[in-house]
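Shown here is one chain on its own, the form predicted alone, set out as structure tokens.
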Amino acid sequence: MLLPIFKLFRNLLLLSLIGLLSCQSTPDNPRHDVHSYAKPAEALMTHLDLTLAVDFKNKQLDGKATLSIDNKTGTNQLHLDARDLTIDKVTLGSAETVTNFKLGEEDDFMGQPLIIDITPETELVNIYYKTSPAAVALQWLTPEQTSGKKHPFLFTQSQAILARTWVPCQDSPGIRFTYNATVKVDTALMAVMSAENGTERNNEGVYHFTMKQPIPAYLLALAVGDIEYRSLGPTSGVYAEPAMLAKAAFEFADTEKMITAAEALYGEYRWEKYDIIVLPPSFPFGGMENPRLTFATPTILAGDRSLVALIAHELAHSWSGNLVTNATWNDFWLNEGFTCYFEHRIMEEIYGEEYAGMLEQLAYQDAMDAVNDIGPTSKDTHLYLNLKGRDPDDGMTGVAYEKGRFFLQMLEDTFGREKWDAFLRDYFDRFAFKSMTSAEFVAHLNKELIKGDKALAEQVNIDAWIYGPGMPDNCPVPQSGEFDRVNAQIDTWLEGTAASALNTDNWTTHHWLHFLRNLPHEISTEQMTDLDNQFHFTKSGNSEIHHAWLMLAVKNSYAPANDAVENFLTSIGRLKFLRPLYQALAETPEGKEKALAIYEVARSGYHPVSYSTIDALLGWQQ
């Protein structure tokens, strides 16, 4: 919607002042994506027809990508993103007229521009290509790395700018396209994508996919393996390896309730189906919000549905991120901060205020840890970032998630839930299937809610949140009566009461996480043993509790947990768990030696997203 000219001028002036005051200059064009070689203002990709043959033996995808383009300016060149792709040939139109192309200078993380000669009349561009066995988006797993141990597995991870390593495309979150795909796999395997999916394996090993809603390239996703499907309700279901399927279906039983709660809050679910696939443990993230098919880590299968906030989070992305998308990776908080807030609202609706309050308190702890780890005065703790010349993964920290969440919580507190919910619902409707910049969001917030009220603007203090460092003074500080009970038990134990005498009846995962996070950093071996003998943390099957305990064990040289640390690091590839454990080990010479020994064994089982981070952390040299 266009603003009246005087309001537009006022908002632009306000944004300029914000940039100056925060010493963070806003780019001349905040929609220009510094992480893409595409020139969408000249020629824009609007649809993708993709044909892939999956070759596990050579760890390669053999593909043909047919791009429908809108040649806006009559240009004679199409600019795409590519990285580690072998381009065999390029043709134009349905007649497949061969044309010239070139790959430009290579950058470490951005890859290369793929520049194709076209004509002003060109509508279709056909690219024949092969991926590299080292393509960063692709993880090729041997049968031994799966739960079934019989068949290999492949999955992709396209966010942030890794789609270009398996599909030549305009790889920017501000560019959307629809797609169709045909994927050929071994007949013993099944393929699924971020699109309309079948629910059964077929005898031909050929799978067809359609994504009718336009998406950015980072939401392109493919998984291939020995998987089966189970329905969770009318609009949802789960895929997993056969040995994991029943456990996953039990864990995600509340998915339909989550969809109902989300729609009641912020409007229609626009993607028709919401399915989940549980990937092997090397998946580097908790979840990835690929539309229609959330990719999920098996580390959330706790057996008691205590970690399903992650599913609420990925579902919420169906609105914040997938529906209204950050225009560039500088604006990443618009995806994740909104989603963390929305996740909280879904969990509150289904499980109650007390339960959600514990999650919010843990999120506040995460927010403070993220800011302190980076440095509270660092520009990397701004919500709006300047990632020019840097890998956008550098900006994917807890700040975007949790500082973003508490910014929106502060806005809810300021305007009241009723008015805030109406604003958000309108936001998702008005900007559906479009992208958003931080500057545009600020202008929209000013227009719709602040409305020129200077006192209200000072109270909200947008500048401090979006363009300033650390956690602002008006950050809400959540309280939890449940955690007050936990704190009392911590105090009792520290005063000398044995762990066996503590009152931990009816504690959930969240109580235990607060307990472990708030113990002193230095604990004696006798104290560690007392806790372990009573609560069996070293053998915990809950990944979150286990990880929190292992962090304490490493920092306090608790020898009985040594084997558990090694087993954990060699069996799980989730970066959230790997990074802090390796970092804690590396704080002493003896620990670093142990970390390197474990890493030498474990590295080959990690996704490139994970091992590239741990390589740098440990100074790994192959």
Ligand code: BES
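Residue positions are given as counts along the sequence shown, with the first one as 1. As the structure is a computational prediction, the values presented were derived from the model and not from experiment.
Although not depicted, the form predicted together with the ligand is the subject of the following passage.
Between 357 to 365, 524 to 532, 111 to 119, 287 to 295, the stretch whose residues reach within 4.5 angstroms of the ligand in the model of the complex through a non-hydrogen atom is 287 to 295.
Looking at the ligand in the model of the complex, residues F155, E241 and T299 place no heavy atom within 4.5 Å of it. In the model of the complex, the ligand sits within 4.5 Å of a heavy atom belonging to H313.
In the model of the complex, the ligand sits within 4.5 Å of a heavy atom of F332.
R345 falls outside the set of residues with a heavy atom inside 4.5 Å of the ligand in the model of the complex. Although the partner is absent from this view, H510 stays clear of the ligand in the model of the complex, with no non-hydrogen atom inside 4.5 angstroms. Shown without its partner, this chain lists L141, A249, V442, M396 as candidates; in the model of the complex, only M396 has a non-hydrogen atom within 4.5 angstroms of the ligand. Residue-level contacts in the model of the complex: of Y207, Y351, Y179, Y401, one residue has a heavy atom within 4.5 Å of the ligand, and it is Y401. Contacts to the ligand in the model of the complex (heavy atom within 4.5 Å) from stretch 142 to 166: Q157, Q159, A160.
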